[in-house]
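Next up, structure tokens for two forms of one chain, structure 1 and then structure 2.
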Structure 1
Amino acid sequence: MASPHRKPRWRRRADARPDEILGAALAEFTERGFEATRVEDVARRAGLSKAGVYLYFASKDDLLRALIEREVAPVARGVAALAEAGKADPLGAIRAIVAALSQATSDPARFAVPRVVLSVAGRFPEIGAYYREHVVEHGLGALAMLHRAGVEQGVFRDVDSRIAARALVGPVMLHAAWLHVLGGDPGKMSPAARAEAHLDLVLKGLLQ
């Protein structure tokens, strides 16, 4: 006999679906790139059918936009919080931020979004602009403010704040791109040690 309590072929879970689909999309986009992943791949990984995805997102492009927006929001909040908290001790805050950034960008999963943005920005300039405004500009702006605060307290030299911000972040990002995009060998140095060595150099300078 067929049990009257057989488990349903699928469940109605309208609340959870969008997040699950976006999660699957991030994973697939990271592994194969946006253009090469089929909507059906995303659907399968999220545990529903392709048409199911189209119940929540109007198009593949829309899926990408929604993904970036979702991922950007928490980063933007985190940046603002860190910057605000560090005004009293700019040097300490900068140390903490660079260390945290070095740690975060060492994790392929946490570098996934920048990776995707980098690869699709050519085809979707709005996405590039969105990411720049909400993450890059915001983050560099926060560091620049910390630098200004440090100048006023007499700890930092009075150089261009944007240059200072880039000098702090640039090498970390270069390393991450080299590692995750170009497939570089991580080597034996830990993210923390790398951050330390980098900070020492930028703070004290390269000259003898």
Structure 2
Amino acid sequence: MASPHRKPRWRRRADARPDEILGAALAEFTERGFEATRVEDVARRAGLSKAGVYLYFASKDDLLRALIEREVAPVARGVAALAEAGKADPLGAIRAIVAALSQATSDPARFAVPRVVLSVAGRFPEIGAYYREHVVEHGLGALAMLHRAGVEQGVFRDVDSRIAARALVGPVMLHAAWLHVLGGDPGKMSPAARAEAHLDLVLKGLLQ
């Protein structure tokens, strides 16, 4: 006789379905493209009916927003947490954040959702706005806050902190696009070494 405290198998399966659907959606978006993918394609891949997908997600756009929340927003929140914890050592915190982002964006699986978003943001501005609000602004805000803390401590020049934040993270995102969108040569540098090289350029500049 089953224990009265044990969850029935169907309950465990039902609890897992949103993640299964999102995994199927990401695979379809990656293979077919967001616009070419139909909800029924996602349902078929997840082993559900189309109606079964709609039990959890209202639309294809909703699937992509949920993927942003599952795959990318936690990274932005992690950056914000690192920045908050590192205000006493803003340079050290910036180094840690840029190194972590360089490592994460080197992985094609980790960059899969940003790649989908970049491919459709021009035609679906509401998706671009959602990504900007829930991911980009969190990360840039954290780096801007660290720059401002460094200015107050006499570590950094007093320039526009928003521009400083973009200068710090821009090369990381450009390299990710170079790798995963344009199919460029990754080069021989490790993500950690590449992060240090780009920070050296940003922090010291090109002039002698």
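Under this definition, the rigid core comprises the largest set of C-alpha atoms superposing within 1.5 Å between the forms. Sequence positions of structure 1, starting at 1, serve as the residue numbers. This one's a predicted model, so the numbers in the text were calculated from it and none came from an experiment.
Only structure 2 of the pair represents the form predicted on its own.
Core-superposed comparison between the two structures: the Cα of residue 122 travels 2 Å or more. After superposing the rigid core, the C-alpha of residue 155 moves by less than 2 Å between the two structures.
Core-superposed comparison between the two structures: the Cα of residue 77 travels 2 Å or more. When the core is overlaid, the C-alpha of residue 56 ends up 3.4 Å from its other position between the two structures.
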